[in-house]
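Below you'll find only one chain, the form predicted on its own, shown as structure tokens.
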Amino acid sequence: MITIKDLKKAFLNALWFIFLTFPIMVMKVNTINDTLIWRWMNMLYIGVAAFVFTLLGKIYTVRKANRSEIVKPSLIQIVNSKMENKKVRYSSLAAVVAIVILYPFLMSMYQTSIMTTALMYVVLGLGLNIVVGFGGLLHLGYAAFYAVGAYTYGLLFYHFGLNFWLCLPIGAVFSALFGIILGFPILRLRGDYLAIVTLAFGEIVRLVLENWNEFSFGPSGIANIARPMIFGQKLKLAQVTNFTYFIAVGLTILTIIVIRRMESSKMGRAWEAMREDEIACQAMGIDITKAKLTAFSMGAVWAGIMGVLFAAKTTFINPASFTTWESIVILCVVVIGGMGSIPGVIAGALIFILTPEYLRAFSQYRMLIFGIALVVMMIFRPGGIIPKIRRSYQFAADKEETQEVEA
């Protein structure tokens, strides 16, 4: 039931939203005629919408609390149960493969380019997920490793003429080394202090690239970087766009396989233990130094690889492409998708990157709509779109006893 207190709270929330959006939604400056246009109806719309959504949120919360005693399977559990059927699993896999292969041939070159960018953010999100989701280390300078990979390819191509395929592993190695260099000074830092240092590291890398003109060409950046080629043969723009898309698809599949295997490995379990309680983890004999350095270096590897692909895709790089905002976007992909959840990060990257592109029809309000959607998402799904499900283990002997009792 909605009480007077709930109505009062909804009214105050409506006033607060009106106050926050007043300069954007109500005031409009006409720079040609130097006049100020007042759009009072927008203020009414914002207030009514905020009031209604607050009440709907309250109703949703009450109903969720009433249904809390009824245990229902989650979406992932339902999907997993369906996938146990071989026909469903193989038919779903065949459909996904067909869509992935036919996508660049059915869609326009612009749509293919956008999807390539989304796949790049999938890999970046999965790389940061190693550090934040598995290891529990808040990293706000992840774009620095992205920049290292991009500038590795740009500089090696400019000075030595090395192609994309040779620079791909080199960029990964250099980014991993930078991850280790960052990891050593911050081994004893946690929480906010760790976030501040990683944020400073990202800014240091960007400022060095922006001001060291003899090395990185400063704000002008590096242009005319070669696109990926097949056996040394140059491709047309439409062909290289499709080829870059398939490279991104291949690297995404490789990333998922490797990270999935790492999650189940001894080091993956060490990362999760470190995330839950670092002191208890160290008391159990786990080498915290090794775990942290491995998390930073492995997370940086995928950023370096995507940096090389980014340089090859855009053919131009400069420090403005690797700001703190880029690190925040990648972190939002991980948090919104679901920290520690591989399917969640994939879904988060696709939604976070593709949604602003398809909201261009609302050019003036698209980021406002997107921001409101993120706030609503964090209120009602704090665990992310697809939250990580904790694994449960059972001894084989106990399982056999359970089966005998049921029989």
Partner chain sequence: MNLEYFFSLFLGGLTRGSIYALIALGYTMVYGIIKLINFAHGEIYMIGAFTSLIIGAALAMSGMNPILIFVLACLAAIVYSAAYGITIERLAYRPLRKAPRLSVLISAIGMSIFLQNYVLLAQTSDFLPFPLVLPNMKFLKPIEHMMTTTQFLILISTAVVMVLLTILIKFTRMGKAMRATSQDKDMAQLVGINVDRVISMTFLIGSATAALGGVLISSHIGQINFYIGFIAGIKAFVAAVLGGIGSIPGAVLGSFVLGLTESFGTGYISSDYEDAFAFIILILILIFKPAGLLGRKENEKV
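Positions refer to the first chain, counted from 1. Given the structure is predicted, the values throughout are model-derived calculations rather than measurements. Here, rigid core means the biggest group of C-alpha atoms that superpose within 1.5 Å across both forms.
Although not depicted, the form predicted together with its partner chain is the subject of the following passage.
Comment: its partner chain is not present in this chain, but in the predicted bound form one of Ala238, Ile180, Ala94, Ile204 has a heavy atom within 4.5 Å of it, namely Ile204. Checked against its partner chain in the predicted bound form, the residues Ile328, Ile170, Met229, Ile114 give one hit for a heavy atom within 4.5 Å, which is Ile328. Its partner chain in the predicted bound form is not approached by Asn224, whose heavy atoms all lie more than 4.5 angstroms from it. At a distance threshold of 4.5 angstroms between non-hydrogen atoms, Leu12 is out of contact with its partner chain in the predicted bound form. When its partner chain is considered in the predicted bound form, Ala98 lies well away from it, no heavy atom lying within 4.5 Å. For the chain shown alone, Gly161 is not a contact residue for its partner chain in the predicted bound form, no non-hydrogen atom being within 4.5 angstroms. Partner proximity in the predicted bound form, defined as non-hydrogen atoms within 4.5 angstroms of its partner chain, places exactly one of 276-284, 145-153, 243-251, 306-314 at the interface: 276-284. Residues Arg190, Asp192, Tyr193, Ile196, Val197, Leu199, Ala200, Phe201, Glu203, Ile204, Leu207, Val208, Asn211, Trp212 are the ones in 190-212 with at least one heavy atom within 4.5 Å of its partner chain in the predicted bound form, listed in sequence order. Superposition on the rigid core between this form and the one not shown places the CA atom of Ile46 2 Å or more away from its counterpart. Here Leu350 does not count as shifted, since its C-alpha moves by less than 2 Å between this form and the one not shown after the core is aligned.
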